[in-house]
Each structure stands twice: as C-alpha cells, then as structure tokens.
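What follows is one chain in structure tokens, specifically the form predicted alone.
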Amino acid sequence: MEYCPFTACIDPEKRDQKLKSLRIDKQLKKEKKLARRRQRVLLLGTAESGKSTFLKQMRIIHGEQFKEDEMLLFKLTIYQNIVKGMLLIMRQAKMLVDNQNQWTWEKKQVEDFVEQQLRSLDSLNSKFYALIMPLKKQTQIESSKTIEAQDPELNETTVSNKEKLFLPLVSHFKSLWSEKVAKFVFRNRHIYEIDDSVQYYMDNIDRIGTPGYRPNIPDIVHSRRKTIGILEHELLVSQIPFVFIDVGGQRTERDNWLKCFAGITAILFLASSSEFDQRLGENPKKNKMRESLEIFQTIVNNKILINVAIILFLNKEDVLKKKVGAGANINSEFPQFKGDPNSPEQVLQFELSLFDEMRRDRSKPLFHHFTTAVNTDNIRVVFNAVKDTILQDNLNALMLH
C-alpha cells in the first residue's frame, strides 16, 4: 500500500479515500499539462486535395500500425477504386465512339472494341455493383483514435466474399487497360473525373488480384475514400501530442469546418496543384483551382484565425509534372500566366503567387510547401519543417515543467 505520512493516523477507509483523491488530482494535473502542450492541427482543402492521404502518412511516419478492421476496409476500398475506375473508363469509351475525329486509328477498330466491352459490361454489371454499392454505406465517423466503419458486417467473411467477386474481373481489367482507347481516356482523366490512383493499381494488378491479397503501405496510401463528418486522430510527435482533424472537402461537408476552429493551433490547407484545368463534380462549370483559391481566401483572411498558423501545401506535384509533360497548358484556364507552360516549376510558382495574392495581411510571408502526399519520404521532410513552424509559433504553451 502506498504510504503517506499525513494520513498515517487516519482510519484505513478515510486514508484510502484520501490517497485515491491525491492520485486523481495528480492525474488531472498531468492531463491539464498535456492539454496545454497539445497541438490541434486542422486539415482543410477541397475534395481530393490529399488531406486523408496526409493523415495516413502521419500515422505511417510516426510508427502507428493500422488495425485489422482498418486493413479490411482498405482492401475493400482498393477493390472499389479499381472497379469504379474501370467502370468510368468503359462508360467514357462508349461516349467517345461518336467523336471519331479524336482517334488516330481506324474507326471500325474503336467501334468493335467498345461494343465488345459493353457486352462484357452488361454481363458483369451485377458483380461491379455488388462490389461498389455496399461500400457506399460505410463512412468515416468521428473518432479520436482510428478510422472506423459504420457497417457492422465488415469482417473476414464479408471481405472474402467480395474477393471472390473481384478476382474473376482481374483478367477483364487487364485486357481493357491494354487497349488504346482505355489509355486515351485515362490520359484525359481530368475531364472524366477518373482518379490518378487507377494507374498505380493497374500497374500492381497481378499482386492485388491474387487470393488472400493484403494491402501494403503504398496500396493504403493510394486508396481513396470520401471523408464524411469530422475525423480526429492523435499522435505523439517528439513527446508532444498532435491532434490532426480531417474534415470532408465536398461542399456539403464544409458546414463542419466552422465547428473545428475553436482551439486550433494550425491549419494545413491542401490544394491540388494539378487541378488547374479540372472541374468540380458538384458544379461542372466551376474550375477546381479557382474554387480552392476562393476557399483559401476566406480562411486566410478570417479574423477568428488571426493567431493561427496557416500553412499552404500545393499538393500532387508528381501529378502536375506528368500532366504538364503530357502537354496540358495552364493558359487554357489562366491566361494571365506568362511563363513557360511546359515548365512544372514555373507553373507551381505561378500557382503559389495566385494563393499569395489572396492574403490581405502582407506583414508576414506565406508559409508553403510543394508536396506529393503519396510519397512518404517527401511528407516526412515537409512535416519536420511544418512541426518546427507550429511549435515555434506556440513556444509559450510548450515552456512547461
């Protein structure tokens, strides 16, 4: 029994109560001290800017293992990403048949191929949707420790059943992916809202399409699921607790952003640098980068956030380089660009200037980084710099003993 000289003469029951009270007080002081040191980092940006990918990277970099239920969900999500990508490619192939002037090979070849794929699609439709539809019911929910699934049916048996549906489709996907029309559609994916991760998964389809497949870290990082609601995750970074708050970037989710401003230490605003010529899914007339610029303007000039460190991540630098290298021209959407449209570096600097112009307060520089969220080494280096910026801005709160 723990001994306390001040309670030695008290009867045992009162002494135990006193000791219990002292232990509780000690724990409360410890938690209060920890709370003052806790850094609350809010991840903001439009949908598909890379917020959830960044959070996954934080967990990987700081050595946190994914739980088994998360691994099951990742596996189903990867299946869904592949199925959805292939479905979009086939649908676009059908729509492109009537616009034959885009093709450099014989019209008959394109028509025959599309007819063949559509016949296959008709017979595979039930399997496609058996894979996709159940996943729509699974959404990320508010949690302080993990990404959870609302679907109570998520277990080994469910995943095994989905695997049996997915595996027979693999040869079909490989056949489709090898065709010129599929490559054409994917090269123009910014028009058709096809995710970049399709390329990665099709490059690894032989491994993914084997019985008993278990996602590795790159597979998990490339997986895509919409964030619904507010997701909090706490990690210990250099003995300092960091709480990362991920909120959905879709327009329907942005009402949740205001709920997260209280007690925020820093905001990491992610913008996809490769989306300069893409359109919003919610509003096809709206340019994605202009939408991101408008949101950033609202955040960076908000008086409520005047003491909050706001750091810009121009993300998907890898995708931008491929896109510019393939001939995409930023002048088509931003005619004020005067640099070399074939230079990714000049395009990035121009995009940075657009975000910088959104700020009214010119008394301090815009903290920014060019990032590739799917690259763990890149995010490790970037976050080390970001961590130093956040901690320096909150030095007084950390000078505790």
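Keep in mind that what you see is a predicted model, and the values were worked out from it rather than measured. Start at 1 with the first residue shown and count on from there.
Keep in mind the form predicted in complex with a small molecule is missing from the figure; the text below concerns it.
Here the chain stands by itself, but in the model of the complex one stretch of 235-243, 168-176, 289-297, 311-319, 311-319, has heavy atoms within 4.5 Å of the small molecule. The listed set Gly248, Gly209, Pro215, Gly85 contains one residue whose heavy atoms approach the small molecule in the model of the complex to within 4.5 Å, identified as Gly248. If you check the small molecule in the model of the complex, you find no heavy atom from any of Arg38, Thr265 and Val386 within 4.5 Å. Contact annotation for Met90: none of its heavy atoms lies within 4.5 Å of the small molecule in the model of the complex.
By the criterion of a heavy atom within 4.5 Å, Glu48 is counted among the residues contacting the small molecule in the model of the complex. Of the heavy atoms in Ala373, some are within 4.5 Å of the small molecule in the model of the complex. Among heavy atoms of His222, some come within 4.5 Å of the small molecule in the model of the complex.
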